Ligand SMILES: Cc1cc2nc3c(=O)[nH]c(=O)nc-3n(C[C@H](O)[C@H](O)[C@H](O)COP(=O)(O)OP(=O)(O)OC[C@H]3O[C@@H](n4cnc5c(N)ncnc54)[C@H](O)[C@@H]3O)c2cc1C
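Next up: just one chain, as structure tokens, the form predicted alone.
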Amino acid sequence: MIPVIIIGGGASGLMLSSLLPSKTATIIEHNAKLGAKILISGGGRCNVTNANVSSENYLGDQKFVSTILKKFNQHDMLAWCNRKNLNLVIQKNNQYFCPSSAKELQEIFAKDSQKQSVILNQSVIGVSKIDDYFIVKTNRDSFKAKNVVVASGGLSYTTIGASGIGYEIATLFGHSIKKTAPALVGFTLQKEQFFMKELSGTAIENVNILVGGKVCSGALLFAHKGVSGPCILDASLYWEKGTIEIDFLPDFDWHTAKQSKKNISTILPLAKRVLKAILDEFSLPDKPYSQLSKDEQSKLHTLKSYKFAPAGTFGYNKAEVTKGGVDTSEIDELTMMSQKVENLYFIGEVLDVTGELGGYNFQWAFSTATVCAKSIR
């Protein structure tokens, strides 16, 4: 009998494997190599963690998240990387990346995994429990295990074989699944916003988006399918349906325009191409603010509170993560073990906890894995 079977050779599963005693775990991974998502994340450099991590950076039960982060936070992760001689590089003031390539982290995990058993190119198709042990069935074989850890991730990145097996296993054992959806993903547009598609390839460096009671800040990118960029990706985490509100000019004071005799296109801090498209859409003339009618000024002011309802998202193929998942009220945050089935554990993205853009989801994977490793028997 295998002491521990880890379903999934991604970030959380690999971290767990590295922390468990030698020859105690078997990783079952459906891909041909371990850490496939690590390799393609962060533009190929993997945003490992963030200098500022708290439960407020996550969509999910705040107490559950906070308890786990206290047991293994970003400082602990940085210390772990240092012990592995992986000197992360900080960018954008707070985001930690691999020095040159995500392969640096993936190779550390691949080396660590050699102390365990690794099964590649096999997909888990079901798990059952008989007495005090589990039967894990794959498309090729069957294994007996004392403990099973579901580290299978979510539905995002279908190009590397993402599946819902983790949710299926949880459901089989009586767990509730919070509705899943693509997250950290771009928005598609309604017909009324199609003018934005004409701006494909241009960006606004800083906008604020009000969505679901949260304010997301950062760059917005116009794309041929709709809108994307860091700020939009964060907004998608908190959007269910309905309207969002964009402030295209968060650092701009209308007093500046009122005092100037220059045309709007010269005063407003937006790219000329973007501003022209917006003025055309609002049927506004390009002239000094003082020469605009009250109605025209009112239209212009919507640039600081532009409301619209996205048609949807770019979908799981483009989403960086999946929000929703295994209900955390049914998981022990001190051990990551199911409260319904002894020796069944859930870690990482499969849980109903999703982080914002900037290394938060990898930190969550590593934190939950560490909590699990310290408690698994």
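Just so it is clear, the model here is predicted, and its values are computed rather than measured. Quick note: we count residues from 1 along the sequence shown, nothing fancier.
Keep in mind that the form predicted in complex with the ligand is not shown, yet the notes after this line are about it.
- Heavy atoms within 4.5 Å of the ligand in the predicted bound form are found in exactly one of 253 to 261, 225 to 233, 199 to 207, 162 to 170, that being 162 to 170.
- Proximity of residue 344 to the ligand in the predicted bound form: non-hydrogen atoms within 4.5 Å are absent; the residue sits far from the partner.
- In the predicted bound form, none of the heavy atoms of residue 117 sits within 4.5 Å of a heavy atom of the ligand.
- With a 4.5 Å cutoff on heavy atoms, residue 348 counts as touching the ligand in the predicted bound form.
- Mapping the unseen interface onto this chain, residue 321 counts among the residues with a heavy atom inside 4.5 Å of the ligand in the predicted bound form.
- Across the proposed site, 244, 248 and 310 without exception lack any heavy atom within 4.5 Å of the ligand in the predicted bound form.
- Residue-level contacts in the predicted bound form: of 54, 26, 31, 335, one residue has a heavy atom within 4.5 Å of the ligand, and it is 31.
- When you look in the predicted bound form, the only residue of 101, 302, 180, 123 with a non-hydrogen atom within 4.5 Å of the ligand is 123.
- Contacts of stretch 143 to 161 with the ligand in the predicted bound form, defined by any heavy atom lying within 4.5 Å, are made by 151, 152, 153, 157, 160, 161, listed in sequence order.
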